[in-house]
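Single chain ahead, by itself, as structure tokens, in the form predicted alone.
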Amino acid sequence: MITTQKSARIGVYICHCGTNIAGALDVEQLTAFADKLPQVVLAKNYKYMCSDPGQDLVKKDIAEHGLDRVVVVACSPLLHEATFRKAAEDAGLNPFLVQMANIREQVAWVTRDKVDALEKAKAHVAAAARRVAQHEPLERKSVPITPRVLIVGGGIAGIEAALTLADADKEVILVEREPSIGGHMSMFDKTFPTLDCAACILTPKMTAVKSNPHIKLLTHSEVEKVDGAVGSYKVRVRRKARYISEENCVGCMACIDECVFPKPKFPNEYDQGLGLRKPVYLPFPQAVPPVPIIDPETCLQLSKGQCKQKCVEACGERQAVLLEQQDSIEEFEVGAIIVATGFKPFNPSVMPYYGYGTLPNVYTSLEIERLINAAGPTGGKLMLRDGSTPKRVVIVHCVGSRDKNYHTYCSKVCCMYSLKLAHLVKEKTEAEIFNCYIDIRTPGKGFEEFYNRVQNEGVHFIRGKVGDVSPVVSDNGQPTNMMTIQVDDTLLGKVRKIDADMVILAVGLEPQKDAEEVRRMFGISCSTEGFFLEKHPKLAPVNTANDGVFLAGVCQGVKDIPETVAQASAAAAKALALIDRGSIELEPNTAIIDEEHCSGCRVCNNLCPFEAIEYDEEKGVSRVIAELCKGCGTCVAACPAQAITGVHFTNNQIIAEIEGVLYDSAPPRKEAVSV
């Protein structure tokens, strides 16, 4: 198939991009080549086309030379396509009559030979010029925005984002899967480097969420399904049975006191299994909402139907204990979504040489956080499994991080929280502390000073990776509390063996185990490490490829609490800017189905990744929901009847682009064949 050349007046503008492009190929020769292409009225080059003078050059030429098509030869359209479309629109030209040729990322940055780079650039320019001649003026469609935001995750990121939006009088739906908001931060004793009480900082914010009239808090709940598009997402939330009514409960805890189990018997998940709880319990004293929850797996009535139901009697007239309660479904329409699902700590049991899970006094850092916390299972007293106080403690850095067998990335917070734990353990026990590290990384405000403080407190630092943790057996063959830690000391150049009675593993951070399911539900992508992928690491760090969905906190990548709070505020600001518009313009480059040629095979329905195609049972054909379509082209390529056209990516446009590469850039240049 050969395209028909349309009459056009094309202007080509080539950017030097400093030396990014001009240093890799001859811009003047490229300009001369572009000037001779069919229907090109003029070709110019400028040092920085994206600058105001560069844009003014385009606007001026559109007016003076009557240009009706523009080709900008520069960097990725992801960066500046919107810039040049806006410039063309300001000059009275339809913005979709602009085409960009990316010769920075696709040519200059990847081609060493200047001659080869010039020839490749010619192909890109010729292809863009051919393609833009086939462009049609398009108009954006405006749709209203629902002024409500869904926030998924009730850790410090979700809390901060919710309060920021609520302060702007915006309605917020905050969904948290656990019985209480607070996330991992609520489990900490102190925060580095200032050693502020974590609960003292966090609890007022948690309470503010509960009392804010603009925030609807749904704990012990999960998002099940997300439909729709930016501005009008339809969300289905499953509220799991708590077996205690949040509306009727006054937080007296009588149900806990009167439970048929006289003492706590079951591992408390919030305390990392180190403490015990009853079947009816409050996760921690500062929990929000301050409403107990009943575990159906350990409750005798719910699991076996055999209980005196003293909890029901204790509640009395309030009737807040509802053992017959079932899961319920609630549906909401929201204009934007903030994903703040957090992280999970690395499980070191997969590294058997550290002894976690087999040696009783090897703990993870989060377990130590609970032991030294005043609200923890020991009331803040740090002790070994037998109840004694540790005398010598080894902290192992980078467990699961910076390791090609597990996670190659640095988890960023481990060095600092290891220093914090070293300080707190020494403060509580006067134990001798050893930090075994690969590199100490303290890049934040006040971090290096805190590192120096811990050094001055007498904590030992050994630069080297721990290779083995083994138990020490007494002379009569009985196990002891002591362990031998073997570490390769790179500064002394020898292997050292240290005896200690407690080992703390500074585990890294990793994505939640259901990150893949969450990614699919919200139409976003993951990086190679499994964290959710932002739209651009520098220019759009909280946006995602799915318009209207934003990221906050560690679900996007490892970060500490101040960074998390800052990103949550940024995500809230982006969501606020979106829903405050009242309406949003949708890109017109969607798919269109020709009903006369559609056979109703439904191939497109099954393949569409955005569920943007519905089947009309009455007509027996499929049709595109423009508000949901992202113009990805999957359906266009798959349609066996060729009934689907991709707007702005028609066959003529794509073939014209191919012709430009094949004909115009091959020396000697051939004239285009027209029909």
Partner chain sequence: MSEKPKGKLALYWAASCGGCDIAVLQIGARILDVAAAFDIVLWPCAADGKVRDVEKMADGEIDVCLFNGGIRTSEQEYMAQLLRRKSKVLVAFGSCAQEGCIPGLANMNNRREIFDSVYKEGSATTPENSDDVRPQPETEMPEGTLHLPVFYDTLKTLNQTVEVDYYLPGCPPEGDMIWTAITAIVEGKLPPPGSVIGANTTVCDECKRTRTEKKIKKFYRTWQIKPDPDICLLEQGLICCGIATRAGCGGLCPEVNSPCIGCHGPNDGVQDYGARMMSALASVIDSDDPEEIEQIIRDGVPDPVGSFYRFSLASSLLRRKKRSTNGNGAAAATKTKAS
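Positions refer to the first chain, counted from 1. Throughout, rigid core stands for the largest set of C-alpha atoms superposing within 1.5 Å between the two forms. What you see is a predicted model, and the numbers here were worked out from it, not measured in a lab.
In what follows, reference is made to the form predicted in complex with its partner chain, a form of this protein that is not presented.
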query: In the predicted bound form, the residue from 37, 628, 67, 639 that sits within 4.5 Å of its partner chain by heavy atoms; finding: 639
query: In the predicted bound form, the residue from 286, 605, 378, 589 that sits within 4.5 Å of its partner chain by heavy atoms; finding: 605
query: Residue 217, heavy atom within 4.5 angstroms of its partner chain in the predicted bound form; finding: no
query: Exercise: residue 655 in contact with its partner chain in the predicted bound form, heavy atom 4.5 Å; finding: yes
query: Contact label in the predicted bound form: residue 651 to its partner chain, heavy atom within 4.5 Å; finding: yes
query: 4.5 Å heavy atom contact, residue 77 to its partner chain in the predicted bound form; finding: no
query: One stretch from 403-411, 205-213, 367-375, 590-598 that, in the predicted bound form, holds residues within 4.5 Å of its partner chain by heavy atom; finding: 590-598
query: Core superposition between the shown form and the other one, C-alpha change of residue 594 at least 2 Å; finding: yes
query: Did residue 364 shift 2 Å or more between the shown form and the other one, C-alpha, core superposed; finding: no
query: Distance direction in the predicted bound form for the C-alpha atoms of residue 515 and residue 605, relative to the displayed form (3 angstroms or more); finding: farther
